[in-house]
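What follows is one chain in structure tokens, specifically the form predicted on its own.
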Amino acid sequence: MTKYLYYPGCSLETNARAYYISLMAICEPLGLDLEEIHDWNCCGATEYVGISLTPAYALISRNLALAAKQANGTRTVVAPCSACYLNLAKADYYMRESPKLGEKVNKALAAGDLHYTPGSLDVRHLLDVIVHDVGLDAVRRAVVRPLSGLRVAPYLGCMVPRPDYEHRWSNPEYPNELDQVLKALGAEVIDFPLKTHCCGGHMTQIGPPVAYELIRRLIHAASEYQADLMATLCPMCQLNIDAYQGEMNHFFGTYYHMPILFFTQLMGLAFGKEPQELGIGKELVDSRLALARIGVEVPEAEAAPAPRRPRKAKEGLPMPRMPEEKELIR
């Protein structure tokens, strides 16, 4: 077993619980020993860096400082969530590139008796570790139920491959690492042209029409290539395409039905795990029809709930009130 420090992030304990469950299920077959960072905190997602730079990087770097204290022979931090991976990698990189920022961040960390020396840890995404450390041959050897006949669109989203500070990915615009893993599982992988395009992020709450168009483009492209489902490694991407697909259909008058699963769930299926061991059936866009193509039956009790009715504008999540122009100039 190869030991790594593991940063789960908030999503894997909430909306992306299936990602966590399926990751834990495939650790043993892959020989992964993930040691969770003690007392980790939120990485700040995508917003905090745009609000206040030093506190944002102090928030992120606290996790790196904790990981460094816990390292005990390993220096690799694995993050399955795209936003978490990017934030941790950015904090390490910018603290190296800007000693002034690093000094400010460490001054803030000192309040909690912590310190982080940039460059002392390697921040890596789970997919990177599986491809380059575990290896595709090991993935193939673990397969007992090939995904033969399942057409999959590999969708990474926009955050994982760029900016690629350590040049870990084959191509920042069109990486093939997820394709390779899915092919090793026996799936029929389509050459998906939008694999690194944005899912809309939090635009579902800020500007729903924009978000719906971004989601529609992705699903339309996958449908045009006759994909049975989309595979992702990003909790935000999975949430948007799964949870807002019904509202997108209502907005455009379309009838798309495109399941989106985490790539770890597909790995678990290929390794012989049962759907309920992998969190399959919890998604909103039912994946039963797609998985039936490879002889996988999702128990009725685990099937996805009926599609939600389209949400009215007044039912949207409460948003912070933006100050009026006259307030800004006081």
Partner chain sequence: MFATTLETDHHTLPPLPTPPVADLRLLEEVAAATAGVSRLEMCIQCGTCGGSCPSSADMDHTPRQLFAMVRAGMRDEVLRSNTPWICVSCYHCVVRCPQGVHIADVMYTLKSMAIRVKLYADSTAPDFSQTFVDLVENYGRSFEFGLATRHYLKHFPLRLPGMAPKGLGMITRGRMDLTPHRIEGIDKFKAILARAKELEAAS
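Numbering follows the first chain given and starts at 1. Quantities reported herein were computed from a predicted structural model and do not represent experimental measurements.
This protein has a second form, the form predicted together with its partner chain, left out of what is shown; the following refers to that one.
Chemist: Ala89, Asp191 and Ala292: each with a heavy atom within 4.5 Å of its partner chain in the predicted bound form?
Modeler: Result no, not one residue of the spot touches its partner chain.
Chemist: Which pick from His250, Arg145, Arg216, Arg162 sits with a heavy atom within 4.5 Å of its partner chain in the predicted bound form?
Modeler: Contact check passes for Arg162.
Chemist: Considering Glu224, Glu166, Asp137, Glu173, which brings a non-hydrogen atom within 4.5 Å of its partner chain in the predicted bound form?
Modeler: The residue in contact is Glu173.
Chemist: Flag Pro259 as yes or no: does it have a non-hydrogen atom within 4.5 angstroms of any non-hydrogen atom of its partner chain in the predicted bound form?
Modeler: Taking the distances in the predicted bound form, the answer for Pro259 is no, it never comes within 4.5 Å of its partner chain.
Chemist: Test of understanding: in the predicted bound form, would Gly50 fall inside 4.5 Å of its partner chain by heavy atoms?
Modeler: Judged by the heavy-atom cut-off of 4.5 Å, Gly50 is in contact with its partner chain in the predicted bound form.
Chemist: Might Glu28 be said to contact its partner chain in the predicted bound form, defining contact as any heavy atom within 4.5 Å?
Modeler: Because no heavy atom of Glu28 falls inside 4.5 Å of its partner chain in the predicted bound form, the answer is no.
Chemist: Looking at the partner-bound form in the predicted bound form, is Lys273 within 4.5 Å of its partner chain by any heavy atom?
Modeler: Judged by the heavy-atom cut-off of 4.5 Å, Lys273 is well away from its partner chain in the predicted bound form.
Chemist: Name the stretch: of 250-258, 197-205, 225-233, 175-183, exactly one has residues whose heavy atoms fall within 4.5 Å of its partner chain in the predicted bound form.
Modeler: It is the stretch 197-205.
Chemist: So which bits of 35-53 sit within 4.5 Å of its partner chain in the predicted bound form, heavy atoms only?
Modeler: The stretch touches the partner through His38, Asp39, Trp40, Asn41, Cys42, Gly44, Ala45, Thr46, Glu47, Tyr48, Val49, Gly50, Ile51, Ser52, Leu53.
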